Every structure is written in structure tokens, then in C-alpha cells.
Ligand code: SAM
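As C-alpha cells, one chain now follows by itself in the form predicted alone.
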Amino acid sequence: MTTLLGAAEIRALAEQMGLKPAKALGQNFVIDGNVCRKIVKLAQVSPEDIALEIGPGLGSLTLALLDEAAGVVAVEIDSRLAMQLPITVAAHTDKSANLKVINQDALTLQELPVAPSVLVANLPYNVSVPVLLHLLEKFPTLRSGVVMVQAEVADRLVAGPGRKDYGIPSLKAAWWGKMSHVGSVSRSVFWPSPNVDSKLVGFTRGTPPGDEAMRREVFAAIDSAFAQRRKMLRSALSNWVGSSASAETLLMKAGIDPTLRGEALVIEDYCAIARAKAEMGIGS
């Protein structure tokens, strides 16, 4: 039988460890077990799944995941928390053998001891987008997941073209699959309480629209288009391809109006730009 961590127990555990949540590491611990169970349910974690959790902290979500998944790989950058997590888990569930803890920065992960199928995490808010994109790139077995992120970041990840929050995160996430809002989380379920709102973003992996070489070109085009967001594409892409004249020719070949801005395009449009660039031999 698994028992989840409550607010009093989390505070007591932190005090016992002499732990003061580090703002630099985005450490805001979930203190409501019901919220953890809700997240796991929204992620549709099954007994066949290997769940990947980033930033498990004191283990609130980890325990809820172990209750449903075949195994959990927890990646924790803070060595004190990484050492404590197996001890805490062993005291609260008989499934502690199904947990693997990796003391590492998620942004440097290149391999895992087992292939994860679902990502469920309260991502550190200061690096949530880079971490999510890195994991989707490096671990193609991740088919779906639910991540908790800052509300503004969630809005950017799921935004569609033409919206003010549509931009680099929206487009790069769209390369990997579909992102959607699946819930909100009150500030009161965290310790310490953050000064920002949180939302849950669900994702389902799709088939990437191109290979790795194309992805790098597409992402470079996206970065260029939004580096000067208010400029027309023929100007915004000029540094990327050498000149505004080359950018205009490239865009016309890709079937895209050179006077549009980057925020008007969807991921398929950027793929068309990358293909046209290859066909024209620009940068080769």
C-alpha cells in the first residue's frame, strides 16, 4: 500500500534534511497528494508504462507514479534530494524496487537505464521549455505525458498562429507532437508557494515532419524569424540566408508571402522553407 506525502510530512522531511528550497533550481514542492494522483490520472499512466520524472524533489509525485507505473526513472539535479528519495520511497511503498534515481541535470541527459514511455513532471520553471524539448529530442520512446509548468509557459506551448503568445516554444513543440491544456494548479498546493500560476500541459507525440538534419534547419529558421519578431520574414531571415533578397527568393520558392511575420506560419511552413533552402543550395 502506497501512502503519499502530506504538507506536514514534507516540511518535516525538509527540516530533517536541513533543506531550504532553492529558487535557483525552481524548487517548489507539491504538498497535496490528491493533486499528484490527478496528474498521474491525466497522464493516463498504465501498469505497462515506464514513467520519466524530472525534478522529483521530496517524492510527492514519485509515489503517485509508482502506484500506477511498472517503473519510474527520476532525474534529480540536487544530490541531497537524489540521495534521500529512495529512502523516503521505501518508507511509503512496497514498490521501491521499481524506482531508479539519476543525480543529473536533465538538460545533459543523453541516455537512460530503461526506455521511458511517458513523461510526468513538475518541471523546474526556469528551464521548463529547454528541458521538455531536450527530452522529446533525445528519448523517442516518450509517446505522451503531462508536465506542470508556469501558466505563461503553458500558454506559449499550446498557442496557435497569430496569438500574442505564439512563438518559438509553440513551433518547436509542434515539431514533436500536439500540446494541449489539461488543467490548472493552485499556488496553495506548493511549498513554498510560488508567485506565479501553474498549468498542466499534456502532449502526444506525432510523427516528426522530417529527419534530424531538417529539424536543425527548421529550428534555425524559427529562431531567426522570432529574433526580430515584428519584422517581415524577408528581413527577419536575412541573416540566416545571407541577405533580404535571398530570403525573399527563398520564401517565394517555399510558397510563402515574404511580407508575413514569423507568427503567421505553422510548423509545416517552416519545413517548406527548410526544403527550399536545401534545394537552392543556400548555406551548403
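From 1 onward, residues are counted along the sequence shown. Not measured: the values here are computed from a predicted model.
In what follows, reference is made to the form predicted together with the ligand, a form of this protein that is not presented.
J.: Pick from 232 to 240, 219 to 227, 56 to 64, 245 to 253: which stretch has non-hydrogen atoms within 4.5 Å of the ligand in the predicted complex?
T.: One stretch meets the cut-off, namely 56 to 64.
J.: Find out whether any non-hydrogen atom of Ser180 is located within 4.5 angstroms of the ligand in the predicted complex, and reply yes or no.
T.: The answer is no: Ser180 has no heavy atom within 4.5 Å of the ligand.
J.: Is there a heavy atom of Gln104 lying 4.5 Å or less from a heavy atom of the ligand in the predicted complex?
T.: Judged by the heavy-atom cut-off of 4.5 Å, Gln104 is in contact with the ligand in the predicted complex.
J.: Taking heavy atoms and a 4.5 Å cut-off, does Asp155 contact the ligand in the predicted complex?
T.: Although the ligand is absent here, Asp155 would stay clear of it in the predicted complex, with no heavy atoms inside 4.5 Å.
J.: Do Ala69 and the ligand come within 4.5 Å of each other in the predicted complex, heavy atoms counted?
T.: Answer no; every heavy atom of Ala69 is more than 4.5 Å from the ligand in the predicted complex.
J.: Within 4.5 Å, heavy atoms only, which of Ile168, Leu112, Val127, Leu200 is in contact with the ligand in the predicted complex?
T.: Of Ile168, Leu112, Val127, Leu200, the residue with a heavy atom within 4.5 Å of the ligand in the predicted complex is Val127.
J.: Do all of Val30, Glu76 and Leu81 end up near the ligand in the predicted complex, with near meaning a heavy atom within 4.5 Å?
T.: Spot residues vs the ligand: full contact, yes.
J.: Enumerate the residues of 108 to 124 that have a non-hydrogen atom within 4.5 Å of the ligand in the predicted complex, in sequence order, or give none.
T.: Sequence-ordered list: Asn122, Leu123, Pro124.
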